[in-house]
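Coming up, as structure tokens: structure 1 and structure 2, two forms of one and the same protein chain.
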Structure 1
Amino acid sequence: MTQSHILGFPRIGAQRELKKALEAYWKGDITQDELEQVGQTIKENNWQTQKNAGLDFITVGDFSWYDHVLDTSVLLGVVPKRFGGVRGKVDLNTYFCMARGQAPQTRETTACEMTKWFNTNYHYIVPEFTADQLFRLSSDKLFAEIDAARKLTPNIKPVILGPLTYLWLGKAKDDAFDKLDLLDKIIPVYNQIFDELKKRNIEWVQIDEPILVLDLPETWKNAYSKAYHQLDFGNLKCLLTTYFGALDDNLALVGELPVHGLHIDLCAAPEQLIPVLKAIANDKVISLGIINGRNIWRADLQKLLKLLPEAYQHSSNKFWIASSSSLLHVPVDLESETKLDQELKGWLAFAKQKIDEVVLLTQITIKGEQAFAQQLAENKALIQAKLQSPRIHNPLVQKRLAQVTVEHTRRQSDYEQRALFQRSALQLPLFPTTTIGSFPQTQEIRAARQLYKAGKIAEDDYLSKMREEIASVIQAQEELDIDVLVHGEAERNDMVEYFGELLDGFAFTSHAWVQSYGSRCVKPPIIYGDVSRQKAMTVNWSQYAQSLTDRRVKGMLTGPVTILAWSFVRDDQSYSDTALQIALALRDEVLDLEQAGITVIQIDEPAIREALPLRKKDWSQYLDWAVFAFRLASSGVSNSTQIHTHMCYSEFNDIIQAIAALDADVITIESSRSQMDLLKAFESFAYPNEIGPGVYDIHSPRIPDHQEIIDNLEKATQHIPLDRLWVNPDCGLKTRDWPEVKAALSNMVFAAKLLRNKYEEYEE
């Protein structure tokens, strides 16, 4: 019989209960017992939601206090020595210290590196491996959750990150060391985990191996057969889970693995269905990921039902219906959105509604379409209404896009010539200091925004409060003696949502939060139609900030690719067309900023790497339009206007040439958590413009001393000419508190001044 399941459920809670509890615990406002009770309530609610919807399997083990890769590190005893190593079970404070560098009752230290989870906006904590790495079962969290869930229902499916994906995602701390050398050490611990599952009479275990959709070296491909033949499943059935792409050249090796089922993502790669069905033995379960785990549009049931006959023919009683990936990447419940207009709401499905879609499709497969004729008719009407709605298409936007040429993406002069104009205009010292854009979003700022949105304070009062905050931020930066200032973004709720609220073609939610990392949640806007700008979005704020100081203040914008990647995007036209529409709107904003006297303008593109296709054969097509979109937004200005961009928390080394092709005058880029590993890219590539490799990690509350910053900058001077090197944190300061921000920036400026003195002869 066809069965239903999902790969995972959001773990933040319907009202972000986990975020609030985590931050309260880190501040010392609640106890660990109180924190754990919040987590237990969220887990139980998630399990009950799945059970009530009628899923055949309830997924267990998808809850995390911070990150599921970090959970795996703790489960396997991969705790770097600076956190105390492993002695018995790893405690929760050690876990948090690995993630943040700081936790209650622990010694402050450098947090583990953080980077993007495949091509999503979710961040994971990178495992650290040493050549003498030992693995041991060091956490009971998974087993405790299984025991708790079994009290609710016997039909549970634990989820575990697979051994090869886990090793792939980690980092060898010794350059001469091959991570695959650890495979023989890690397999016995996985077998211990399986033994615990067998004791609990678990029928199926979900083992996530998403790296099987990547271009894998032959050594890693060969390792799959070795590893999975050493895994002792016994009477435990393994559902090998892939997502975010197609198996392609890895399909043959998967077909030979001794697993009992395979999950494939038919939303990201529908073309793989027939090849997979042909390659996988018909005694194995095929799990069809046909409900999109990464977007929020209601499923077109008629379209999806056309996929099922092929699977039914392959094996009438051994295929499952599922979400394409974990529902971690979508909001929890559409019913929380009481302010969305009914037409738009009818087009959407969040995690709870996606579970209903999975169950409905499964029941249709079992009982036939006639039994669900009304539901299918209602779904068809909603899909057609969306496609025909006049709110989606704007002929003026389409006409303007059709008139774009390559000339719109070229600056007046090349960088070398522009740099002369900019240096003359800006008169900056060697090692100029700046920040990435945002400053702390205090409770007072958030309270004022909430009161204004609720209509409890007048617009003039709200604007006055924001101007007070901007003035305070400008004064603080002048006191710190930072060279190029920012206005602090007090008025912005989020770097993407803020712009979405000011552009046509976007819709906004009240409670559609999605986890980005740890307690950090974002509320992505929804791009449902053609995008355009009706009026300036940032000019007044930047102009006001510039009026308060003689120093340069950067205009701050979010780039077209990042707005695209961090939104829920319409599915009726290409992503590239939507990105170019956004770029045209931003181009207008850039020109208005310049006209208003803002001559340093930053257009952030932190998502440009994460949106990269997973397969290299698809890279060039994406990078062509992504670079084109950025240049379309940024290239209308004069030579003397300096264009900055910022990128963070992805592996940028392999696309450094495309980053150079953006032709930004200055790029600031995250590199501190990886101990300046980014600089390796410059050993074989001479970056042509100016660059500020982030000198300290803002996602940790830890305050770096000035010598640590100097050490990072000295590494940078080995690869970047001194007259092209900027000094900055590695990301915005929105999530930090003012005392730590001032202390860290003070050390940063002091370090820059010491280096100026050291290299003053060069400057002369």
Structure 2
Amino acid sequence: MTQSHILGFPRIGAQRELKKALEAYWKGDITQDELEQVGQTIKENNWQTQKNAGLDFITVGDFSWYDHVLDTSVLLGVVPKRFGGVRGKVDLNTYFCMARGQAPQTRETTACEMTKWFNTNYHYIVPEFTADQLFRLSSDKLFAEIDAARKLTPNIKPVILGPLTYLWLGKAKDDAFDKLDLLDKIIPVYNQIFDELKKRNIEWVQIDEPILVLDLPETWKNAYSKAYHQLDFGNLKCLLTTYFGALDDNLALVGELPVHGLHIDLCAAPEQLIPVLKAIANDKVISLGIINGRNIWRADLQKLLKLLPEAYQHSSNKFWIASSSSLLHVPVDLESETKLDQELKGWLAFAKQKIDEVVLLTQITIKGEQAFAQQLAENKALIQAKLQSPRIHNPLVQKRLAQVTVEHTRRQSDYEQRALFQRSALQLPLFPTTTIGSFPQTQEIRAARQLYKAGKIAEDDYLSKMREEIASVIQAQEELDIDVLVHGEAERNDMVEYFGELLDGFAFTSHAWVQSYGSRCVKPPIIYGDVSRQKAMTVNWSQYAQSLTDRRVKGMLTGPVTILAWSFVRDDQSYSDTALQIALALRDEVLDLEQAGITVIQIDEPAIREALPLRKKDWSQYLDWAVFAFRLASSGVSNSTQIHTHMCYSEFNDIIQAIAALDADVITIESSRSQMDLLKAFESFAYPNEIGPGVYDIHSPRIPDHQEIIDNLEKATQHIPLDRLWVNPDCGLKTRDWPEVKAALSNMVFAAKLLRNKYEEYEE
């Protein structure tokens, strides 16, 4: 019979209980017992929710104190030596030390690296492997959770990360060995884990192998067959899960694996259903991931039901209905949203509601559509109403979008020409200095913003508070003798939310938090309709800042791709169309800024890399529209207006051509954490425009001295012509405090001046 399950449930709690407890524990405000109590309550709630909803399996093992990849490291005994290695079971403080470099009772040391989980905004803790790496079962967490969940229901499906995905996500700490060589040593520990599951009479285990949707080297493909033949499932049945994309060229190898079921993501890759059904023996279970684990839209049931007959024919009674991925990437419960209007709320489904959708679809499959005529009719009416809602469709925006041509994405002249105009307009010295936009967000600024939002202080009071802040930021920069100033972004709590709140087509929630990493959560805006701008969004702030100084003040905007990447995006039109609508709104803003005398304008695109598709074959299509959208936003200005962009904390070397194609006059880009590794990209590719490689890491409280900055800049001069080199920090300064910022920037300006003297003499 058709069965229902999900791949995982959010672990932060509907009210972010886990976040609050973790942070209190780290501060020393609550005990480990108290923390564990909070975790236990969250787990039990999650299990109860799944049971009450009527899922056939309750997924166990998806809860994590910080991150499930870190949990796997601890399960397998992969604890770097600097955290004391492994003796017996790994305790919670060692675990938090690995994640954060510190825990209440342990000495401080460098945390493990953190990086993005596939193409999501979730970050995992990167496992570290050494050539002599040992693996040993070192945690009881999973088994304790199984035993606890058992008290609630017998139908438990534990989830663990598969051995190959685990190895793939880790990093070999010295270059001398291939981490894939560790496979033989890791398999016995997995078999030990399976023994524990067998002892507990577990029927199905979910083994996550999401790397099966990536372009894998041959060696890794071959390793799959070897590894899975060595895994000793015995009576245990293995549901191999893949998500976030299509199996494609890995399908044939998956078809050969000795597993008992396969989960596929039909939201990210609906086209793979038929090929998968053909490639998989029909005595295997196919789990159809049809309820989207990555977005917040209510499912179109009729549309999904059309998929099922195919699956039914293939494996008669052996298919399951599921979420496409873990529900980790969506907020917990729509019922927490008390301020959203009913119409919009009707369009949404969060994790809890998605479980209901999974169960309903399963029931319909078993009992027939007739039995659920009313629910189906309601769903149909809702989907219809949404499609036709005037809130979603703005004919003016659509008309304007239809009229966009490449002409709109070309500047008046090419960079060489523009640079001449800009040089005479801006009169900047060699090694011009600037910052990335934000200055410290002090407690005072935050408090003022919150009071204003809550209606507790008048608009005029708020405006004058912000103006005061802008004035002091301008004064500070003048005193530091920075060349191109910024207004400091005091009025923004978040670079996407700020614009979303001012644009039509966006909605904001009050509790729709999604885990980003550890205790950190984000609340992405929801783009539900055509995007348009009612009035200028930033001009007043920038104009005010400019009125206070003779130096140039940079206007500051968030780019279309970043706004898209950090929001929940409507699914009734292509991503690129939504990006272009945002770009058009930004284009108007850019022109308004120019009109108001702001002739240096930065459009941040820190997320351009993270929205990159998982498969290389899909890169160029994405990059084409991403670049088009940026250029649409930025190209309306005259030659003498200088467009900047900024990017950070991603690997940019392999998309450097696309970055150049943005045709920004200046790019400021993070590069100091990797000791200017970024510059390697310029050995084979001459970046055509101006560039400011970040000269110090703003994420560290350490103050860089001027010599270190000079060293970084000297490295840069070997790849970037002197007259195209800018001097700036890595990223915005909003998380730092003023004394740090002043000390660091003062050293930065000093370094620029020393170099200016040195090289100006050369030039003469």
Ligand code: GLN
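In this text, the rigid core denotes the largest set of C-alpha atoms whose superposition between the two forms falls within 1.5 Å. A quick note: this is a predicted structure, and the numbers were derived from the prediction, not measured. When a residue number appears, read it as a position in the sequence of structure 1, where counting begins at 1.
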Structure 1 or 2: which one is the form predicted alone? 1
Does Glu459 shift between the two structures by 2 angstroms or more at the C-alpha, the core having been superposed? yes
Align both forms on the core first, then report whether Arg423 has a C-alpha shift of 2 Å or more between the two structures. yes
Align on the rigid core first; then say whether the Cα of Trp619 has moved by at least 2 Å between the two structures. no
Per-residue CA shift, Leu755 (Å; core superposed between the two structures): 11.0
